[in-house]
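Just the one chain here, the form predicted on its own, laid out as structure tokens.
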């Protein structure tokens, strides 16, 4: 296993967010539009999700335009800059696809993606905050992860949930890079995974997930930084101990297990106190728990959130 210090990672692999945003604060939308003009995303039939109801969790903020949501992405399996995933994932095949849910459960089950799409789906408008200092407001479609966990019946010894992304360097060219120790692994505490805000996500803007946004199935945990929301998931495993995640392996001093949005805890290389929403010029104050404190803060009562970052 290769563990790399932040100083070992080339600038081309992880963009300095401060410099990047200063250069491109006015032209993000134009750059994204140009990328898709040169490399148009393939048209696909039957992308609309049928029978989706409005979920309980919504926001009064205007959603980020679809064009920006689908052309400015963090998805290291398809490149480390923000524009590459929309280009390099354009021919990624997501059918057939299965998600195995196993580990410390009474009824391990493998779910086909089309079986998941037949379950009751709802649309929720969530904010997504990334550790680099930018954010979006996205209408996600999916079902509570708790609904799937309930079906497999976690045992009493299950304390954490581990998510594993597909490992296939032939189809995911970013995995040929050593920037991370692949496959991508993330995790949540069981109570976090069972929280009603945690969404097993199958679509956005009323359509199936675009490849660059984590197709065909990802998790969205809106009070945590975006890298916690694992994409292109093939396995969900319930375990007794906290999993060692991909970013904890790469840079444990920068990326902790909990990764709750906390403006009082800076990333070692930049402040987290303010954020810039994609499509806007001026920054705004970062909200604790990304604005979801009323719903989730009780789970961390008594914890030192500077130590358990």
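All of these numbers come straight from a predicted model, not from anything done at the bench. Residue numbers count along the first chain shown, from 1.
Another form exists, predicted in complex with a small molecule; not displayed. Remarks below refer to it.
Stretch-level contact check against the small molecule in the model of the complex with heavy atoms at 4.5 Å: of 94 to 102, 130 to 138, 107 to 115, 192 to 200, the positive one is 130 to 138.
Only one of the listed residues (230, 145, 86, 236) places a non-hydrogen atom within 4.5 angstroms of the small molecule in the model of the complex, and that residue is 230. The small molecule is not drawn, but in the model of the complex it has no heavy atom within 4.5 Å of residue 154. Taking the partner from the other structure, the small molecule in the model of the complex has no heavy atom within 4.5 Å of any heavy atom of residue 223. Taking the partner from elsewhere, residue 126 is found to have every heavy atom lying beyond 4.5 Å of the small molecule in the model of the complex. Contact here is defined as any heavy atom lying within 4.5 Å of the small molecule in the model of the complex, and by that definition each of 74, 77 and 184 is a contact residue.
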